[in-house]
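In what follows, one protein chain appears twice in different forms, each by itself as C-alpha cells: structure 1 and structure 2.
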Structure 1
C-alpha cells in the first residue's frame, strides 16, 4: 500500500472580528484510506493576540495514512470558534481544505463561512451572540447539502502542511 505522511501545523487565523479564537479540526478520508498513526481530530488552544491581529495556534499535525486508492484524498475540516471573557463560545466560521496532493511543504489559506439564518437570528446574534450552527458537521466538507444554506464570510485559517509520499511511484501514480 502506498503511504502518505501529513506533517505540519495549523498556524492561526486572520480576518475574524472576534479576538479570542480557537479551532476544532478533523480529517475526513475515503474508505480506501487507513490512519496508521496520529490523531484524526483535535482542538487548538485559545489565543488572544497582543501583537497584530493574527491569532496564533501553532497546533501540530502529524498523520500517517496508508491507502489502497486515490478516491477520498484526505480533507481537513475546520471550525473556528471565539470565546468571550465569560468563557462562552460562539461559532466564527466553518471551512475545509484538501490536503495537497503533491509532496513538499505547502502554505494553505482556508477561507471560512458561517450560516446566516433568518433575519431574526441575525438580529439576535448581533445583540446576544450565539447564532445558527450546523447540526451535522459533514456539510463542512461535502457539497451535497450546501444549497440549503445561506452563509456569510468569516476570516481565513492559515496552515502549513508538509506532505511525504511513499511508494506512489511503485503503483505508477504521479503526484
Structure 2
C-alpha cells in the first residue's frame, strides 16, 4: 500500500476579534485510508495574545497513513474557540484545508467562518456568550448545505506541514 506521512504543527491564528483562543482539530479521510500511527484529533492550549497579535499554539501533528487509492485525501478540520474570564467557551470560527498532495514542507493559511444565526442569537452571543453552532460537521466543507447559512468571517489559522510520500510509484502515481 502507498503511505503518507504528515508531520508538522498548527502554528497559531491571526485576525480574530476574540482573545484567549484555542483550536480543536481533526483529520478526516476516505474509506480507502488507514491510520497507522498518530492521533486523528486533538486540541491546543489556550493563548491570550495582545490585541492584533498572533495567538501562538505550536501544536504538533504527526500522522502516518496507508492508502489503497487517492480518493478521500486527508482534510484538516479546525474549530477555533475563545474562552472568557469565567471559563465559558464560545465558537470563534470553523475552517478546513486539504493536506497538500506534493512532498515537501508547506505553509498553509486556513480562513475560518462562523454561523451568525438570527438577530436574537447574535444579541445573546454578545451579552451572554455561546451562539449558534453547526449540528453536523460535514457542513464545514460541503458546499451543498453551507450556501444557505448566514456567516461571518473569522480569522486565519496558520499551519506548517511536511509531507512524505512512500510507494506511490509502485501504484502508478507520479510525485
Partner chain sequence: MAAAGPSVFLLMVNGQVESAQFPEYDDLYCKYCFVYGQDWAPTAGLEEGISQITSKSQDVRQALVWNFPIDVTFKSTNPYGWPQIVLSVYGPDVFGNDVVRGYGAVHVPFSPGRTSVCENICFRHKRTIPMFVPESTSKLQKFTSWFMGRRPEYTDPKVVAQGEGREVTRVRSQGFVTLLFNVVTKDMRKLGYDTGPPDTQGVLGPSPPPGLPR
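Just so we're clear, the structure is a prediction, and the values are computed from it rather than from any experiment. Numbering follows the first chain given and starts at 1. Rigid core: the largest C-alpha set superposing within 1.5 Å between the two forms.
- Of the two forms shown, the one predicted together with its partner chain is structure 1, not structure 2.
- Relative to the superposed core, residue 69 undergoes a C-alpha shift smaller than 2 Å between structure 1 and structure 2.
- The Cα shift for residue 60 between structure 1 and structure 2, taken after rigid core superposition, is smaller than 2 angstroms.
- At residue 50, the distance the Cα travels between structure 1 and structure 2 is 4.8 Å after the core is superposed.
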